[in-house]
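The chain below stands alone and is given in structure tokens; this is the form predicted on its own.
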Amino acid sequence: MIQIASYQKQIEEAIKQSKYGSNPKELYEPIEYIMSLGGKRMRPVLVLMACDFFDGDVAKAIHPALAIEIFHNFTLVHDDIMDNAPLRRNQPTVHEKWNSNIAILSGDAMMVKAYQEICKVEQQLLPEVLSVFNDTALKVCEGQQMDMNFETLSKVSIPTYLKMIELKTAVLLGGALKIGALVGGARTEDAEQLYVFGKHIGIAFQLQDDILDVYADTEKFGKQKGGDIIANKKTYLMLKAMEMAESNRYMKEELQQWIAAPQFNPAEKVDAVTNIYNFLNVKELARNEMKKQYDIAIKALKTIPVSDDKKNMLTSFADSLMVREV
């Protein structure tokens, strides 16, 4: 993981050196703020890794990597407004620190800044890279809208849910890898296989999050235990439980009562719904789906004609995302 740490350091340095603007300060200070909150920088690191995967000049991938990270943080700013979220990485969200109007406009400016960075790739690569970036950005918006639509739908199918997390979360990982691959000189078909790898790792990663929300050690995971259950969020676990409870009248009625309850003790609800999950074995079913998505990703990676050492680095990075304690 020494190489990955080096990529992260390069990204952090590039972010520190970035000049977003100064006046009016209400427009640009929120951008500086959200970009300085840190995180693993997973998506821009994937851009650099993919470029290096094909023996490309990693320095040429810094600008598109920044574009991906700025775009990702732009989506977080707007998502936090839609979710009315008070915190982001344990710090006040932009709309809480300033206000919603400033957050919306600063987010819009971030999207422009992302395009400015993506347009710094070599001229002959720009049409294809820009096409990937545009397609990815639009799909993320589609996924967010699907997720919002789920809030008012009584039934959502498992395939529809998987499509939503593919769009909202996974395509950005795939897009980051594909852009890095193109900058690194990859053939289009090899770049596409790397996109498939990233997309399915992203789906597996989100399924892991669904499981961790219910079953992780709260102190190690750093999130409220059962937050998705409390919010009636339509995760893989909830949807699979609803699907399986159709053949068990008692379980169906109890699950529906907890979902419909206007007032409840949060800890009691989490315990009750978790017991239903355990009875129906949905944790194991979610893990099976997660492994299925992971295996699809690894299969795509194996088709790319590069050294096993390079493949092992990407596989190790994927494993580091997946191996979180449950």
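Numbering starts at 1 and follows the sequence shown. Here the structure is a predicted model, which means the values were calculated and not measured.
Note that the form predicted in complex with a further copy of the same chain isn't included here; everything after this is about it.
Proximity to a further copy of the same chain in the model of the complex, taken as heavy atoms within 4.5 Å, picks out 76-84 from the listed stretches 243-251, 227-235, 76-84, 196-204. 137 is the sole member of 137, 164, 239, 212 with a non-hydrogen atom within 4.5 Å of a further copy of the same chain in the model of the complex. Checking 88, 113, 168, 72 against a further copy of the same chain in the model of the complex, a heavy atom within 4.5 Å turns up for just one residue: 113.
Mapping the unseen interface onto this chain, residue 192 falls outside it, with no heavy atom inside 4.5 Å of a further copy of the same chain in the model of the complex.
None of the heavy atoms of residue 157 is located within 4.5 Å of a further copy of the same chain in the model of the complex.
Mapping the unseen interface onto this chain, residue 17 falls outside it, with no heavy atom inside 4.5 Å of a further copy of the same chain in the model of the complex. For residue 23, a non-hydrogen atom is located within 4.5 Å of a further copy of the same chain in the model of the complex, even though that partner is not displayed. Taking a further copy of the same chain as positioned in the model of the complex, the residues of 78-112 that bring a heavy atom within 4.5 Å of it are, in sequence order, 78, 81, 82, 101, 102, 104, 105, 108, 109, 111, 112.
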